[in-house]
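First comes one chain, alone, set out as structure tokens in the form predicted on its own.
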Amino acid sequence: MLATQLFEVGDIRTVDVAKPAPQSGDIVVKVEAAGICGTDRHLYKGEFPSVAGTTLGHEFSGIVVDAGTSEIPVGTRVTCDPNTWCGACDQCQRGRVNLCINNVATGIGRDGGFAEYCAFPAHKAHVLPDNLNPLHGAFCEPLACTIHGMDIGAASSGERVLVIGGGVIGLMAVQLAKLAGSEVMLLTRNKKKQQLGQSLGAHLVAGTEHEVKQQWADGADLVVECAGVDATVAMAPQLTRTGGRVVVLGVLPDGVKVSIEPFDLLFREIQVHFSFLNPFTHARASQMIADGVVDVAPLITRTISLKEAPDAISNPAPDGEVRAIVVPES
């Protein structure tokens, strides 16, 4: 079968490999769709740790072809929660499973979904409806991560929420904030993404920090940083109203530093939080995708084949792209 593997930093190729044999407790799925995430590009550049020679792809869904010892029927459509916590370390025992020191992530620490077939732990499979658009299952993982960040931010009815970044995470955050009853503004320089954000529920849009301040002079109750850029992380507290809070969902490369002004954060008591992975949120995300509560169809910019995946990952996303989906059969 074909699989897109990262052999070392800067060396990603689609190669012919053996179809995976399930280990104890695994299932095997025929992959229907796998999303290219910004993290995949960080992995390619060596900005995020991974295991050499691994098949990438941690946002995917597919059809079960080998159920192993699980009770999931063959033919079931499932999405993969890629993070496998150990359950025994100090962080797991505290319930902070996303901070597990022994976490093995499918598509990062073990072979993932940029392949025709993928094996992963059965208890990390979440069932999706038979009639769901196959491409939509690939959005469960990013939505699960977004839900965790929005849980931390705790947006509520009547609050002002500023979402920075018009990518997949940002556009999902817009929808979740609207569902919470908040007034939502999307900050992105891209005009097409501004329009898309408005169609998905953003009440206001802005292209610059100045435009945000023109509309919300006092700032937002909650700022959700989804761009993963040092400048926008530094900007976030400045766009937060006194007593407000910031949640950073964007992933910056390892080693990047951001300048902040502690005096300002202290005297305005700005809370700054960081959100990592998807602890106990994948089931909620899967249900929201299944029910159509979060609209993911407009987030699909293009579909590509496995042979096209290395080029798509090794290069910056085209201007205006939200999500490229790898379809192994294409």
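Counting begins at 1, following the sequence as shown. Bear in mind the structure is a predicted one, so any value in this text is a computation, not a measurement.
The form predicted in complex with a small molecule is left out here; the points below concern that form.
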Stretch in contact, per heavy atom within 4.5 angstroms of the small molecule in the predicted complex, of 30-38, 257-265, 49-57, 292-300: 30-38
Proximity to the small molecule in the predicted complex, single hit among Val174, Ala115, Cys140, Ile164 (heavy atom within 4.5 Å): Ile164
Answer option from Ala155, Ala125, Ala220, Ile169, heavy atom within 4.5 Å of the small molecule in the predicted complex: Ile169
Joint contact, His42, Thr188 and Arg323 to the small molecule in the predicted complex, by non-hydrogen atom at 4.5 Å: yes
Interface membership of Lys193, the small molecule in the predicted complex, 4.5 Å heavy atom rule: yes
Distance check, Val251 to the small molecule in the predicted complex, heavy atom within 4.5 Å: yes
The small molecule contact in the predicted complex: Gly228, any heavy atom under 4.5 Å: yes
Contact flag, Phe280 vs the small molecule in the predicted complex, heavy atom cut 4.5 Å: no
